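Here you get one chain, nothing else, as structure tokens; it is the form predicted on its own.
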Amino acid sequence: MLKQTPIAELSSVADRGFVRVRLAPSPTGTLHIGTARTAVFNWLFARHQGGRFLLRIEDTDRERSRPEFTANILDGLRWLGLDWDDEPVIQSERIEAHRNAIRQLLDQGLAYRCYASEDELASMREHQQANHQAPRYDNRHRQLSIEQVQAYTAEGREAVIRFRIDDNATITWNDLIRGPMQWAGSDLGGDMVIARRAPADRIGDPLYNLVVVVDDVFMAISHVIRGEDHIANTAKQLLLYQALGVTAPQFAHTPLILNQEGKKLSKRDGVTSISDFKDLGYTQAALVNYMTLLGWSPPEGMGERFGLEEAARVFDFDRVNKAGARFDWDKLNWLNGQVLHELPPSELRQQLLPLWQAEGWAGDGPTADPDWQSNLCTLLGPSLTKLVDGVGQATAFFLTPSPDDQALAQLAQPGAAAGLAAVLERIPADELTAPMAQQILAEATTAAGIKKGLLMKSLRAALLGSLQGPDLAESWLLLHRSGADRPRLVEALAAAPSP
């Protein structure tokens, strides 16, 4: 029998108004952005209410659950700044509690063993399909006699365990996002399987709807905040709460995240894992900011730029939308760019340095100087959209670039080589300042007898390998500090066509 005292005591915690919410990911894959957005809403609600945000790892799918996925989920939540209270509950460690709940339902006649074979169930579904009926179990083994049970057992049949669902039942609840909700028992697909097949004297592995209820009671969850794709599960679970004699939590079903075609965002749409977003160069601040906006509207005057703590102060379900939220890459990119543009150079350096080091850069020599790197971040920061842009745009400062076609054409212009040679003659051996650079350009222009625009473009082509890029003067100063400007001019002159 299920031990009722601990469950009753824990359930009463929720009755007294203590907010306790949970995220319950399955470690069958990496942390999906839909799960992460659910985590954000749970975290914001808990912190707004002064409650607790709990974590449960639903690892009962033995074939697909992997420790590396659990690690990915936990690492992703930490990176997003979604700290949880208490140690995570590991669902697979509670299987005996789940089986005790099933025994209680069996003893009370609220559940029964169903011996229908897979072939019989398939035939039943084919018949329903042929008659244009909705697929459902027809409850054929709900009232088996002792003799029928003995006959099936003698055949060696294994049984699932089903929970009785009254077709005439009406299930209602007040959804904190969607308002009054109502489901008919007849729309739930017949008696629900709550344990997989097992020999007649055993209880097979308990299934999702049953274990979720038992564990939410155990954790004294007061509010279940999850996606709208769980609405049908909520109707089934409310029947289980009632059957087990415990108080159900309140429910809030958030809108789904949709792709640009209005369909549920999935792996087919490309990047959906939080670790992938991180690898693409999105910042924690921008991603959690954007996920908060996926289905929630901030109060007037708050704007669209905010942090988790700021959002938690005003978060409520009244401003959560019912309609699905379309994922907008342009909006995420804009937010991410804003975050990067506002980072102090020293902080931007801390985020870019691991990416540079992964390329084998910035390990030694002048480019390893933190002050030089911070100056590079000052130069590049305003043009970054994603952190990975700080790799591509920084390449020419760490490695001698191969000039692109436009740069090669520029270096071949009449007078370009003469101008660069005049610059090379005047580069000081020690410090180069901005006023000194301007003076060198003026003198070289006169000496070569060319226009300043031609010299500026040629110098950019020689130093950076492209006619596009950051401010030339600041780039030159950085390259001079690293000792790269003179060798690049020498190389450009050596490759330039003879006049």
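Please read these numbers as outputs of a predicted model, since none were measured by experiment. All residue numbers refer to positions in the sequence shown, first residue = 1.
Omitted from view is the form predicted together with ligand GLU, to which the following refers.
Although the partner is absent here, Trp79 sits far enough away that none of its heavy atoms falls within 4.5 Å of ligand GLU in the predicted bound form. The closest heavy atom approach of Ser26 to ligand GLU in the predicted bound form falls within 4.5 Å. A residue is said to contact a partner when one of its heavy atoms sits within 4.5 Å of a partner heavy atom; Arg157 fails this definition for ligand GLU in the predicted bound form, lying far away. Under a 4.5 angstroms non-hydrogen atom cutoff, ligand GLU in the predicted bound form has His230 among its neighbouring residues. Taken together, the three residues Arg99, Asp215 and Tyr241 lack any non-hydrogen atom within 4.5 angstroms of ligand GLU in the predicted bound form. Among Phe317, Phe306, Trp173, Tyr208, the residue placing a heavy atom within 4.5 Å of ligand GLU in the predicted bound form is Tyr208. Listed residues Arg349, Arg113, Lys386, Arg226 were compared with ligand GLU in the predicted bound form; Arg226 is the one with a heavy atom within 4.5 Å. Interface residues of 53-79, taken as those with a heavy atom within 4.5 Å of ligand GLU in the predicted bound form (partner not displayed), are limited to Glu58.
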